[in-house]
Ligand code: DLZ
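In the form predicted on its own, a lone chain appears below as structure tokens.
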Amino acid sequence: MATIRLVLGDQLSLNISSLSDADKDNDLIVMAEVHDEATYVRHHKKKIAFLFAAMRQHAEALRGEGYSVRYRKISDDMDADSLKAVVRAYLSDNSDIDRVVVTKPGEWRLLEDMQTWSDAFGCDVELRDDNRFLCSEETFREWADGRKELRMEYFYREMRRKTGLLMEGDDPAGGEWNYDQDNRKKLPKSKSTPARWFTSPDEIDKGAIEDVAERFDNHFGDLDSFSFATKRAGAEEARDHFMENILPGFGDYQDAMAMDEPWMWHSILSMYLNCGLLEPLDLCERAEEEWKNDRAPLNAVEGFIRQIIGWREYVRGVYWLKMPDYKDMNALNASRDLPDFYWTGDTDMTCLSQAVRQTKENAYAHHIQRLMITGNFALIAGIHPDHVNEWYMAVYADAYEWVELPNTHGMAIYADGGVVASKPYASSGAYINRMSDYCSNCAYDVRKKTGEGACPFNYLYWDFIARNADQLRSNGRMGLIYANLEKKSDEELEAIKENAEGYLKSIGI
């Protein structure tokens, strides 16, 4: 008897656990582009095109390795809109198949569905752990057990010890675990951003782009100027270009933002990493080599490695530890709708317009734009977590729920009440002004706190602090903020509240 081995669209690795013992002579590798996975949120058109194209390229790579692959394109005439329906159809057509093997998906909703497949199909369905991560779900649970707080920094130190990355015996390289304090420089006017590596679509890519344009034309985002790599070799070229040309400046300017500069010094590798075209340990080891050979400074390399073996592994651990209840948490009782400008970019706030328009064009924004622009506004405006999470899932090419939800729900909007972040990452316009040149190009005055022309981030911030005092005042990291709130007069507080309510009403939320 033979086995169906289902490979999902974010499992594009030849070393994925579902293929570890595949019989190339008898087993059937199944891959499928299905309507349900492309539309459960209205994913960015460029994200769908990237994944469909990368899946098609991976199917060819598997065939080149000698596997028997059955690939279902979105354009194929097959009455199956879900992965479950696709697998059922192949089982029905192949009586010699008595087993299904799949690496566990990265989203709870899909895992929950797959756990019903064995009964539905009347055969064994084996769900295997995802071996592409450096910390298993079980290992993370063991680390978390008994801890009052699940702080990433302490998890990260354990991962450094486990991997040996940037370690000098038992001590961290350079004497410090974390060089984040060196990574907060604003981009000087005299400094230009580095050239990036991009590629052009081949015929397989063009076919995927055409299918997306035809079937998902009502989804968010642009399809023009598609320049993502969709094959492993291309992703590796992008990796090598980053390591050689961009990593040295990544540390200093990783938090900086600038007008019409979507990439800055960021790697733009997360979409390749999260779908399996690149491997996490390989990226970290290559970055470490750049430091060892004096081609990149320690603060840059440590910051890059921390994002991968620290933050990325940590948020995945939190996701599987806390789901499914985690998604329903709303610690600050946020209830407003998402403003229309999150989809259009049509706002006089330059920072938000830049972040949304770049996201619409590229299916990408770097982490400070996500956290301190779109996330910060959603937090201080009190937008309901469901709306925020749906938006983040829809618009970014690297977004899968295991990585998106803790980042958004926990870090950006504090809906989990402190599981991920030790305090809300709320700020006024001052932070945005300090880390970007957006404010000098804005219709609003970042120096003005209330009144006509005042930056909405300023009064929305203090309104957020005031209305959430019962929940946040006891937070030890918020003491100075609430001391400053107490210094404000009743007249100031009333003006803040009136400005906040008036602005939110003006944008329809």
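The shown structure was predicted, so the numbers you read here are calculated from the model rather than taken from an experiment. Note that residue numbering follows the sequence shown and begins at 1.
Absent from the display: the form predicted in complex with the named molecule. The rest refers to it.
Enquirer: Classify R109 as contacting or not contacting the named molecule in the predicted bound form by the rule of any non-hydrogen atom within 4.5 angstroms, answering yes or no.
Expert: Yes.
Enquirer: Spell out, yes or no, whether the shortest heavy atom distance between M55 and the named molecule in the predicted bound form is within 4.5 Å.
Expert: Residue-level check for M55: yes, a contact with the named molecule.
Enquirer: For Y400, is any heavy atom within 4.5 Å of the named molecule in the predicted bound form, or not?
Expert: Yes, contact at 4.5 Å.
Enquirer: Indicate whether A38 is a 4.5 Å heavy atom neighbour of the named molecule in the predicted bound form.
Expert: Yes, A38 sits close enough to the named molecule in the predicted bound form that at least one of its heavy atoms falls within 4.5 Å.
Enquirer: Counting only non-hydrogen atoms and a 4.5 Å threshold, tell me whether G9, H43 and K47 all contact the named molecule in the predicted bound form.
Expert: Checking in the predicted bound form: G9, H43 and K47 are all within 4.5 Å of the named molecule.
Enquirer: If contact means any heavy atom within 4.5 Å, which of 479-487, 460-468, 47-55, 61-69 contacts the named molecule in the predicted bound form?
Expert: Going by heavy atoms within 4.5 Å, the stretch is 47-55.
Enquirer: Looking at L165, L83, M243, M257 here, can you tell me which has any non-hydrogen atom within 4.5 angstroms of the named molecule in the predicted bound form?
Expert: When the named molecule is considered in the predicted bound form, the option within 4.5 Å is L83.
Enquirer: Using a 4.5 Å cut on heavy atoms, which of G249, P385, P105, G317 is close to the named molecule in the predicted bound form?
Expert: Only one listed residue qualifies here, and that residue is P105.
Enquirer: Within 4.5 Å of the named molecule in the predicted bound form, counting any non-hydrogen atom, which residues from 23-38 show up?
Expert: A32, E33, V34, E37, A38, in sequence order.
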